[in-house]
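Take a look at this one chain, the form predicted alone, written out in structure tokens.
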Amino acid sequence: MSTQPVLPQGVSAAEFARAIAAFRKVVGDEFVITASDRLLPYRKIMIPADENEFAPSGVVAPASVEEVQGVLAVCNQFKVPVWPISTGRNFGYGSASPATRGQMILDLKRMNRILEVDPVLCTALVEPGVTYQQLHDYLRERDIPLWLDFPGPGPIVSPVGNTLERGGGNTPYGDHFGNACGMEVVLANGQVLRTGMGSIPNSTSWQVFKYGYGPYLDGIFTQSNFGIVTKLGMWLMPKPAGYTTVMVTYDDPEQIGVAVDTIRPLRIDTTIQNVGVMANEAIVLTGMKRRADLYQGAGAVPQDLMLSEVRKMGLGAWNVFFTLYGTDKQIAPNLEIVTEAFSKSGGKVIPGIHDGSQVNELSLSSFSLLNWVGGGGLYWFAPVSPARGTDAIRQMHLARSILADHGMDYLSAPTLNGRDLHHLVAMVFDRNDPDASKRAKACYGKLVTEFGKQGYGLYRVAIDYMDQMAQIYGKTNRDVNRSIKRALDPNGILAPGKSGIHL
């Protein structure tokens, strides 16, 4: 079935038809999609918003840098905007959908080459269509002793896409952008920029030294609409001699404060090397039960009921997971240090558990949280705070209160990176239930507003809140981004509205 496509703003049907014909000449008929039935996978969003508000005009899928340049030439000619995606698995933030209605999705999944892996320098160079599963298999098949750091959806997402959104994982290489080195970027005018040492002809150091000469530019191509990243360098973790994963449980919800204050110095001095995670009782239960198995009443599930369930399993109100890496001689003293520190803080230390996300194991287990209520709705709320116990407690109470007011459960898995705490909250709901979606939408808006009043900004946001978040970050921030946008993309063809950045 084919219907009239959604037209880009300011583009007539006749001009759009000419643009589509030109796209087909660049990439081939098969890789330009406008039929409504074939666009359905690109329209599915998990957030509580009307899909029609973010409906794409079509999809164009280039297979090379040259084809990307050709697509952009067409976009500039006809003023058709494009929304680049790597694999489109931006779950809980908008998936593959653009930030504004009427953009062509630039699907880069055909650009899926692993261009280089250096087992000595522990680097890789990949294209945006490469998935974590593909790169993991490449290393394993060649017996290359390097580890990857996976985000939650692991196998099916792209290292490039996740890095550009400044996503993270749970190993010592959990800061994905921090462990990226060197980009190839196609600018709106078709020019190709290689950042860092990549601008040197026949560069020998593109993937080993980030900064090159002059301004460090890589950051402006993350969470932005300033260029299209077509290659990314990555630093990979050498396979350690061994590891011991540790769980620490705290029985009282208020102990998130002492947990954070205990972890922080151990992370800063690298006794604990990896990001790890702190999972509350509710998010732990999502991997084992459905909400309806515990509670059929109105409103949020009573916390006492959830605490009773996790205590039966030997778990607590907060469950801290981290891993010590190295030889037995390295791990033993560090295990003694962390055991003493957490025990003094009131935690129960349990070494030797299994957590695949911290030891190079791919899994889709994180999707189990969607089974909590069913219906496929997911919104990630991702505020940042200083890694202080007082801030963690304040955020916990604020989030729990607002969620409860909207009949939603507090499903929290904060990550402590050292000096900062990412207080991640998964808002799951039945997207097929209009009331549940309405409550989730209102709840998210309240969370953003109230956290902002307390000085807590979000580091990442869904497509329906990008403009509002840009407002919170202030006029000067918006003006600088707009100036860069106008310089690099004067026709505004690259992902208008991304991160609230407009011409």
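Counting begins at 1, following the sequence as shown. Treat the numbers as computed from the prediction; the structure is a model and nothing was measured.
There is also a form predicted together with a small molecule; it is not shown, and the following applies to it.
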task: Please pick, from N319, T286, N90, N274, the one residue with any non-hydrogen atom lying within 4.5 angstroms of the small molecule in the predicted complex.
output: N90
statement: Heavy atom within 4.5 Å of the small molecule in the predicted complex, from candidates M408, A282, V229, A387, belongs to V229
message: Given a 4.5 Å cut-off on heavy atoms, tell me which of 198-206, 159-167, 136-144, 367-375 is the interface stretch with the small molecule in the predicted complex.
response: 159-167
- request: Look up in the predicted complex whether L236 has a non-hydrogen atom within 4.5 angstroms of the small molecule, and give yes or no.
  value: no
- prompt: Can S86 be called a contact residue for the small molecule in the predicted complex at 4.5 Å between heavy atoms?
  reply: yes
message: Taking the small molecule as it sits in the predicted complex, is I256 in contact with it (heavy atom to heavy atom, 4.5 Å or less)?
response: no
message: in the predicted complex, does P81 come within 4.5 Å of the small molecule, counting heavy atoms only?
response: no
